[in-house]
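Next up is one chain by itself, shown in structure tokens, the form predicted alone.
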Amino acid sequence: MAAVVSVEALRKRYRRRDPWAVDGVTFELQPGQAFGLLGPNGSGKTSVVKMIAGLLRPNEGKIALFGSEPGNPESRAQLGFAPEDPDFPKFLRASEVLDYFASLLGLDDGERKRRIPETLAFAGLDKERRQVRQFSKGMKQRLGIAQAILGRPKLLILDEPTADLDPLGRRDVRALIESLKDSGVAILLNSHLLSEVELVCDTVAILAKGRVLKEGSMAEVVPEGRSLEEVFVELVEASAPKRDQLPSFITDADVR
């Protein structure tokens, strides 16, 4: 079975004198698989995601998206991307936002009338009549996921998809991921909520300072009796310099 995404020895830095933001990252994502890309802030996760989506160019390495380069229009048409902090025109309503994205996808009137109401209902925004400028951050997150699935993508990239959702919203996103996996859609999930990742992902890669510390199936990365969070913290702390718990002036007994 051909990989949906193949990343090989990927390297990226933003200025010549900077350290590598991404340094030798390699992995594959298969159809119907959910892959968790994990790491602390500044570990290179978002840079990897943007390169796969064709929003950044790597300095070194190769990316194949459906067998082509990420910038290929045919490959891009099969990709859905929900960014961490989606930004939509503030004067539009949710249905108008999706109608705009439907036009970019080239959907005819019949498909728009069918897909937009169903997608809004999934996102819990079907009865919402306010403009986007009045939306909470969680509502914008829901709308971002809605636009990402509107084109029936074969690869769905979710960047912190449940960060601002309530428990019901997180449950709905988990159910969406499971349904998409069952239909053969590949999911690339970037999240700090490790308990959510552990519930839905088949494979994970843990990054720090642009490098992969550990990658494999959930069973390979997380031994029986341990949690993903425990493994994550242990690996990341081992790769980072030791830090004092508190500054010395706070713990100084001779505080005036």
Partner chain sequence: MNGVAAVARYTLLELSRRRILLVFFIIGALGIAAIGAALKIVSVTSPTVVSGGFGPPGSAQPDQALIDRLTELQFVSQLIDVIGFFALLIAFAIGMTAIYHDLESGAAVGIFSKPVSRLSFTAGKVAAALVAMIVIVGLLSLETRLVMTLFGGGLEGALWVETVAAVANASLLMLIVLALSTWMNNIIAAVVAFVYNGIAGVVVLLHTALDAGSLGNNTFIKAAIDIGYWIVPHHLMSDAKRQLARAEFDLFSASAQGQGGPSLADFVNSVPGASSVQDIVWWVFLVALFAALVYLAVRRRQV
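Residue numbers count along the first chain shown, from 1. Please read all numbers here as calculations on a predicted model, not as lab measurements. Take the two forms, find the largest set of C-alpha atoms that superpose within 1.5 Å, and that set is the rigid core.
Missing here is the form predicted in complex with its partner chain; even so, the following discussion is about that form.
Enquirer: Sort through 92-100, 165-173, 179-187, 119-127 and report the only stretch with a non-hydrogen atom within 4.5 Å of its partner chain in the predicted complex.
Expert: Among the candidates, contact is made by 92-100.
Enquirer: If the criterion is a non-hydrogen atom within 4.5 angstroms, does every one of A3, F35 and R142 touch its partner chain in the predicted complex?
Expert: Checking in the predicted complex: none of A3, F35 and R142 is within 4.5 Å of its partner chain.
Enquirer: Even though the partner isn't displayed, in the predicted complex is R57 close enough to its partner chain, meaning a heavy atom within 4.5 Å?
Expert: Result yes; R57 sits at the interface with its partner chain in the predicted complex.
Enquirer: Contact between P73 and its partner chain in the predicted complex at 4.5 Å, heavy atoms?
Expert: Contact with its partner chain, yes.
Enquirer: Does its partner chain get within 4.5 angstroms of any non-hydrogen atom of I206 in the predicted complex?
Expert: Although its partner chain is absent here, I206 would stay clear of it in the predicted complex, with no heavy atoms inside 4.5 Å.
Enquirer: K113 near its partner chain in the predicted complex, any heavy atom under 4.5 Å?
Expert: Heavy-atom contact with its partner chain at 4.5 Å: absent for K113.
Enquirer: Between the options V221, A53, L29, L213, which residue brings a heavy atom to within 4.5 Å of its partner chain in the predicted complex?
Expert: Residue within 4.5 Å of the partner: A53.
Enquirer: Can you tell me which residues in 120-136 come within 4.5 angstroms of its partner chain in the predicted complex, by heavy atoms?
Expert: The stretch 120-136, when checked against its partner chain in the predicted complex, contributes Q131, R133 at the 4.5 Å heavy-atom cut-off.
Enquirer: Taking the rigid core as reference, does the Cα of P89 move 2 Å or more between this form and the one not shown?
Expert: Yes, P89 moves 2 Å or more.
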